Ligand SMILES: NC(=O)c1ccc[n+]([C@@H]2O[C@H](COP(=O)([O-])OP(=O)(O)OC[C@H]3O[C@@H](n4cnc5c(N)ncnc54)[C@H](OP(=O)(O)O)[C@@H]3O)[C@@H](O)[C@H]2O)c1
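Single chain ahead, by itself, as C-alpha coordinates, in the form predicted on its own.
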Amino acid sequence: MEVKKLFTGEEIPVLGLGTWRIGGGMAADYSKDKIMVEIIQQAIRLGYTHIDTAEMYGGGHTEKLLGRALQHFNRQDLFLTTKVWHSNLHYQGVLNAVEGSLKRLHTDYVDMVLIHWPSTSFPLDESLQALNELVDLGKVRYLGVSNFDLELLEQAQKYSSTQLATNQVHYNLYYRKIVRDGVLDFCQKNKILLTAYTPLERGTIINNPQVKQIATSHSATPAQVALAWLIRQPNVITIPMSANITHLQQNLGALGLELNSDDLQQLDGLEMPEEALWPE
(Lines give C-alpha, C1' and ligand atoms only; values in the text may rest on other atoms or scores of the structure.)
Protein backbone atom coordinates (compact mmCIF):
# COMPACT_ATOMS: atom_id res chain seq x y z
CA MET A 1 0.00 0.00 0.00
CA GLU A 2 1.29 3.46 -0.90
CA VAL A 3 1.60 5.75 2.11
CA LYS A 4 1.97 9.40 3.04
CA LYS A 5 3.35 10.84 6.24
CA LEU A 6 1.66 12.45 9.19
CA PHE A 7 3.39 15.43 10.78
CA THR A 8 5.23 13.05 13.13
CA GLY A 9 6.68 11.10 10.23
CA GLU A 10 4.40 8.12 10.87
CA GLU A 11 3.06 6.60 7.67
CA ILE A 12 -0.61 6.29 6.79
CA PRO A 13 -2.10 4.53 3.71
CA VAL A 14 -3.25 6.86 0.93
CA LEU A 15 -6.34 4.69 0.45
CA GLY A 16 -8.41 4.05 3.54
CA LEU A 17 -11.67 2.18 4.00
CA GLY A 18 -14.69 4.42 4.52
CA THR A 19 -17.52 2.77 6.48
CA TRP A 20 -20.50 5.11 6.06
CA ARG A 21 -23.62 2.95 5.57
CA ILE A 22 -21.89 -0.23 6.68
CA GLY A 23 -24.31 -1.29 9.40
CA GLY A 24 -26.80 1.48 8.67
CA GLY A 25 -27.07 5.16 7.88
CA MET A 26 -28.26 7.39 10.71
CA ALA A 27 -29.81 4.36 12.41
CA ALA A 28 -28.67 0.76 12.81
CA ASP A 29 -29.34 -1.84 10.14
CA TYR A 30 -28.81 -5.38 11.49
CA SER A 31 -29.89 -7.23 8.34
CA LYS A 32 -26.41 -7.80 6.88
CA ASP A 33 -24.20 -7.92 9.96
CA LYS A 34 -22.42 -11.18 9.11
CA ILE A 35 -21.76 -10.10 5.54
CA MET A 36 -20.48 -6.68 6.58
CA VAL A 37 -18.06 -8.13 9.15
CA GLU A 38 -16.70 -10.47 6.48
CA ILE A 39 -16.33 -7.60 3.99
CA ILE A 40 -14.35 -5.54 6.50
CA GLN A 41 -12.08 -8.49 7.18
CA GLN A 42 -11.54 -9.15 3.47
CA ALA A 43 -10.78 -5.46 2.89
CA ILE A 44 -8.10 -5.53 5.59
CA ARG A 45 -6.54 -8.60 4.01
CA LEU A 46 -6.44 -6.72 0.70
CA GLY A 47 -4.41 -3.98 2.41
CA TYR A 48 -6.99 -1.49 3.72
CA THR A 49 -5.41 -0.99 7.13
CA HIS A 50 -6.63 2.59 7.66
CA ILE A 51 -10.30 2.34 8.58
CA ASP A 52 -12.47 5.42 8.99
CA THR A 53 -15.70 5.39 10.98
CA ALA A 54 -17.79 7.61 13.29
CA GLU A 55 -19.99 7.30 16.35
CA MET A 56 -22.91 8.54 14.23
CA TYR A 57 -22.63 5.81 11.57
CA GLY A 58 -25.45 3.36 12.06
CA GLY A 59 -26.22 4.97 15.40
CA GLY A 60 -23.01 3.37 16.72
CA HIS A 61 -23.66 0.00 15.08
CA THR A 62 -20.92 0.50 12.47
CA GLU A 63 -18.33 0.76 15.23
CA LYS A 64 -19.72 -2.43 16.80
CA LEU A 65 -19.32 -4.30 13.52
CA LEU A 66 -15.77 -3.01 13.22
CA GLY A 67 -15.09 -4.12 16.76
CA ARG A 68 -16.18 -7.63 15.85
CA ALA A 69 -14.18 -7.69 12.62
CA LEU A 70 -10.96 -6.30 14.05
CA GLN A 71 -10.58 -8.93 16.76
CA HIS A 72 -8.99 -11.22 14.18
CA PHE A 73 -6.13 -8.81 13.43
CA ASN A 74 -3.16 -7.33 15.24
CA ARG A 75 -4.35 -3.97 16.58
CA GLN A 76 -0.94 -2.36 15.99
CA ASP A 77 -1.22 -3.11 12.27
CA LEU A 78 -4.35 -1.00 11.94
CA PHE A 79 -4.96 2.75 11.95
CA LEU A 80 -8.46 3.51 13.26
CA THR A 81 -10.12 6.89 12.84
CA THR A 82 -13.45 7.78 14.41
CA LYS A 83 -15.40 10.99 14.79
CA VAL A 84 -17.40 12.80 17.49
CA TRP A 85 -20.82 14.02 16.38
CA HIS A 86 -21.59 17.73 16.65
CA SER A 87 -24.22 17.27 19.38
CA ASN A 88 -21.56 15.78 21.68
CA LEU A 89 -18.96 18.52 21.44
CA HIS A 90 -19.34 19.90 24.96
CA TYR A 91 -16.53 18.89 27.31
CA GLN A 92 -18.16 15.90 28.99
CA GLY A 93 -19.89 14.93 25.77
CA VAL A 94 -16.56 14.51 23.98
CA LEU A 95 -15.19 12.36 26.80
CA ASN A 96 -18.32 10.20 26.84
CA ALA A 97 -18.41 9.91 23.05
CA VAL A 98 -14.84 8.65 22.79
CA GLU A 99 -15.35 6.22 25.68
CA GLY A 100 -18.38 4.89 23.83
CA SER A 101 -16.39 4.47 20.63
CA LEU A 102 -13.60 2.65 22.45
CA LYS A 103 -16.11 0.25 23.98
CA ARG A 104 -17.86 -0.45 20.66
CA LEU A 105 -14.55 -0.88 18.82
CA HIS A 106 -13.16 -3.19 21.55
CA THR A 107 -9.91 -1.24 21.76
CA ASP A 108 -8.01 0.69 24.41
CA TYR A 109 -7.19 3.54 22.03
CA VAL A 110 -8.04 5.02 18.67
CA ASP A 111 -5.35 6.31 16.37
CA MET A 112 -7.25 9.45 15.41
CA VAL A 113 -10.38 11.25 16.58
CA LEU A 114 -11.99 13.99 14.50
CA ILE A 115 -14.61 16.59 15.24
CA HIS A 116 -17.16 15.36 12.70
CA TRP A 117 -18.86 18.68 11.98
CA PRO A 118 -18.35 22.16 13.44
CA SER A 119 -20.76 23.02 16.23
CA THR A 120 -22.67 26.27 16.65
CA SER A 121 -23.78 25.19 20.14
CA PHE A 122 -20.51 24.47 21.92
CA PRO A 123 -17.24 26.46 21.96
CA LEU A 124 -14.45 24.96 19.90
CA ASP A 125 -11.90 25.46 22.68
CA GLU A 126 -14.08 23.39 25.03
CA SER A 127 -14.20 20.53 22.52
CA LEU A 128 -10.43 20.64 22.01
CA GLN A 129 -9.79 20.78 25.76
CA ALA A 130 -11.46 17.39 26.14
CA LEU A 131 -9.71 15.96 23.09
CA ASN A 132 -6.34 17.22 24.33
CA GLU A 133 -6.92 15.41 27.63
CA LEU A 134 -7.72 12.19 25.79
CA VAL A 135 -4.40 12.46 23.97
CA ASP A 136 -2.63 12.99 27.29
CA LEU A 137 -4.35 9.88 28.68
CA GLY A 138 -3.20 7.78 25.72
CA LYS A 139 -6.72 7.02 24.55
CA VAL A 140 -6.24 9.00 21.33
CA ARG A 141 -3.00 9.31 19.36
CA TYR A 142 -3.87 12.07 16.85
CA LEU A 143 -6.49 14.79 16.62
CA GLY A 144 -8.19 16.16 13.54
CA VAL A 145 -11.30 17.84 12.25
CA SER A 146 -13.79 17.29 9.47
CA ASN A 147 -15.75 19.73 7.31
CA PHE A 148 -13.82 22.73 8.69
CA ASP A 149 -13.33 25.82 6.56
CA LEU A 150 -10.09 27.76 6.66
CA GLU A 151 -11.07 30.06 9.53
CA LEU A 152 -12.25 27.20 11.74
CA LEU A 153 -9.23 25.10 10.83
CA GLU A 154 -6.90 27.85 12.00
CA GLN A 155 -8.88 28.22 15.23
CA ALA A 156 -8.81 24.49 15.88
CA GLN A 157 -5.06 24.39 15.40
CA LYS A 158 -4.70 27.21 17.94
CA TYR A 159 -6.72 25.33 20.56
CA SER A 160 -5.09 21.95 20.00
CA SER A 161 -2.06 21.21 22.15
CA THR A 162 -0.75 18.93 19.39
CA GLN A 163 -0.70 19.64 15.68
CA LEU A 164 -3.86 18.62 13.86
CA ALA A 165 -3.26 15.52 11.76
CA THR A 166 -6.01 15.96 9.19
CA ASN A 167 -9.02 17.86 7.93
CA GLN A 168 -11.48 15.40 6.37
CA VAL A 169 -13.51 17.12 3.69
CA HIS A 170 -15.68 16.63 0.62
CA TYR A 171 -13.22 16.72 -2.29
CA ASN A 172 -13.12 15.06 -5.70
CA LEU A 173 -12.85 15.75 -9.42
CA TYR A 174 -16.26 17.43 -9.43
CA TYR A 175 -16.18 19.19 -6.06
CA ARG A 176 -13.25 21.48 -5.28
CA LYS A 177 -14.57 24.14 -2.94
CA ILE A 178 -11.72 23.46 -0.52
CA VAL A 179 -9.25 24.47 -3.23
CA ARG A 180 -10.99 27.78 -3.96
CA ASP A 181 -11.31 28.52 -0.24
CA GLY A 182 -7.64 27.93 0.50
CA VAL A 183 -8.14 24.88 2.74
CA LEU A 184 -6.00 22.56 0.62
CA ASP A 185 -3.19 25.09 0.35
CA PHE A 186 -3.22 25.66 4.14
CA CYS A 187 -3.05 21.92 4.81
CA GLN A 188 -0.19 21.43 2.38
CA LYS A 189 1.80 24.29 3.88
CA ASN A 190 1.22 23.15 7.47
CA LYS A 191 1.82 19.39 7.21
CA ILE A 192 -1.88 18.61 7.74
CA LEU A 193 -3.21 15.73 5.70
CA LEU A 194 -6.35 16.43 3.73
CA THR A 195 -8.57 13.35 3.75
CA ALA A 196 -10.98 13.41 0.82
CA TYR A 197 -14.36 11.78 1.37
CA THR A 198 -16.91 11.00 -1.35
CA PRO A 199 -14.03 10.67 -3.84
CA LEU A 200 -16.30 9.30 -6.59
CA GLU A 201 -19.20 11.72 -5.92
CA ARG A 202 -21.54 8.81 -5.19
CA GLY A 203 -20.61 7.09 -8.44
CA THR A 204 -21.41 9.97 -10.80
CA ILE A 205 -17.76 10.57 -11.70
CA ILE A 206 -17.26 7.06 -13.06
CA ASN A 207 -19.87 7.77 -15.74
CA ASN A 208 -18.13 10.90 -17.00
CA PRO A 209 -17.16 10.40 -20.69
CA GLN A 210 -13.74 12.04 -20.29
CA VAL A 211 -12.91 9.99 -17.21
CA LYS A 212 -14.00 6.83 -18.99
CA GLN A 213 -11.88 7.71 -22.04
CA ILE A 214 -8.77 8.32 -19.90
CA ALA A 215 -9.43 5.07 -18.05
CA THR A 216 -9.64 3.14 -21.32
CA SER A 217 -6.35 4.62 -22.52
CA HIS A 218 -4.64 3.27 -19.39
CA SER A 219 -6.51 -0.05 -19.25
CA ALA A 220 -7.87 1.19 -15.93
CA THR A 221 -11.30 1.75 -14.39
CA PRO A 222 -12.87 5.23 -14.13
CA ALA A 223 -12.75 4.89 -10.34
CA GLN A 224 -9.01 4.26 -10.47
CA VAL A 225 -8.56 7.44 -12.51
CA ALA A 226 -10.60 9.54 -10.07
CA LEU A 227 -8.72 8.15 -7.07
CA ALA A 228 -5.31 8.54 -8.74
CA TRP A 229 -6.09 12.20 -9.46
CA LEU A 230 -6.61 12.74 -5.73
CA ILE A 231 -3.72 10.82 -4.24
CA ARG A 232 -1.14 12.25 -6.66
CA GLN A 233 -1.60 15.60 -4.86
CA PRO A 234 0.70 16.45 -1.94
CA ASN A 235 -0.80 15.76 1.50
CA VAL A 236 -4.01 14.27 0.06
CA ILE A 237 -5.34 10.81 0.99
CA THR A 238 -8.83 9.41 0.47
CA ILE A 239 -11.29 6.95 2.01
CA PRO A 240 -13.50 5.38 -0.66
CA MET A 241 -16.40 3.41 0.76
CA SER A 242 -17.57 0.22 -0.86
CA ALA A 243 -19.17 -2.97 0.39
CA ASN A 244 -18.21 -4.65 -2.87
CA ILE A 245 -14.94 -6.57 -2.60
CA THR A 246 -14.37 -6.49 -6.36
CA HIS A 247 -14.59 -2.71 -6.34
CA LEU A 248 -12.31 -2.46 -3.31
CA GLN A 249 -9.75 -4.65 -5.03
CA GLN A 250 -10.02 -2.67 -8.26
CA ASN A 251 -9.60 0.63 -6.41
CA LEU A 252 -6.15 -0.48 -5.31
CA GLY A 253 -5.15 -0.20 -8.96
CA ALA A 254 -5.16 3.58 -8.50
CA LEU A 255 -1.91 3.22 -6.58
CA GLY A 256 0.16 2.42 -9.66
CA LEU A 257 -1.71 4.55 -12.16
CA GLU A 258 0.44 7.28 -13.72
CA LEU A 259 -1.63 10.09 -15.24
CA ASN A 260 0.16 12.06 -17.95
CA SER A 261 0.00 15.81 -18.56
CA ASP A 262 -2.80 15.49 -21.13
CA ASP A 263 -4.84 13.40 -18.70
CA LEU A 264 -4.36 15.92 -15.93
CA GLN A 265 -5.29 18.85 -18.17
CA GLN A 266 -8.60 17.19 -18.99
CA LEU A 267 -9.27 16.12 -15.41
CA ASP A 268 -8.39 19.50 -13.96
CA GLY A 269 -11.15 21.03 -16.07
CA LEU A 270 -13.93 18.74 -14.85
CA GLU A 271 -15.16 20.70 -11.82
CA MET A 272 -18.95 20.90 -11.83
CA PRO A 273 -21.21 23.69 -10.53
CA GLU A 274 -22.18 23.01 -6.93
CA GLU A 275 -25.89 22.98 -7.77
CA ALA A 276 -25.28 19.96 -10.03
CA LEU A 277 -23.74 17.91 -7.23
CA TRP A 278 -25.30 15.60 -4.68
CA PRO A 279 -26.19 17.42 -1.46
CA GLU A 280 -23.86 17.00 1.54
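Just count from 1 along the sequence shown to find any residue number. Treat the numbers as computed from the prediction; the structure is a model and nothing was measured.
Absent from the display: the form predicted in complex with the ligand. The rest refers to it.
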Are any of the heavy atoms in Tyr57 no more than 4.5 Å from a heavy atom of the ligand in the model of the complex? yes
Hey, in the model of the complex, does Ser119 get a heavy atom within 4.5 angstroms of the ligand? no
Does at least one non-hydrogen atom of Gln250 fall within 4.5 angstroms of the ligand in the model of the complex? yes
Indicate whether the ligand has at least one heavy atom within 4.5 Å of a heavy atom of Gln157 in the model of the complex. no
Among 26-34, 65-73, 208-216, 232-240, the stretch whose residues bring a heavy atom within 4.5 Å of the ligand in the model of the complex is 232-240
The ligand in the model of the complex has a heavy atom of only one listed residue within 4.5 Å, and of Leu200, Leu143, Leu105, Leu184 that residue is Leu200
Within 4.5 Å of the ligand in the model of the complex, which residues of 3-35 have a heavy atom? Give them in sequence order, or say none. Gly18, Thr19, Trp20
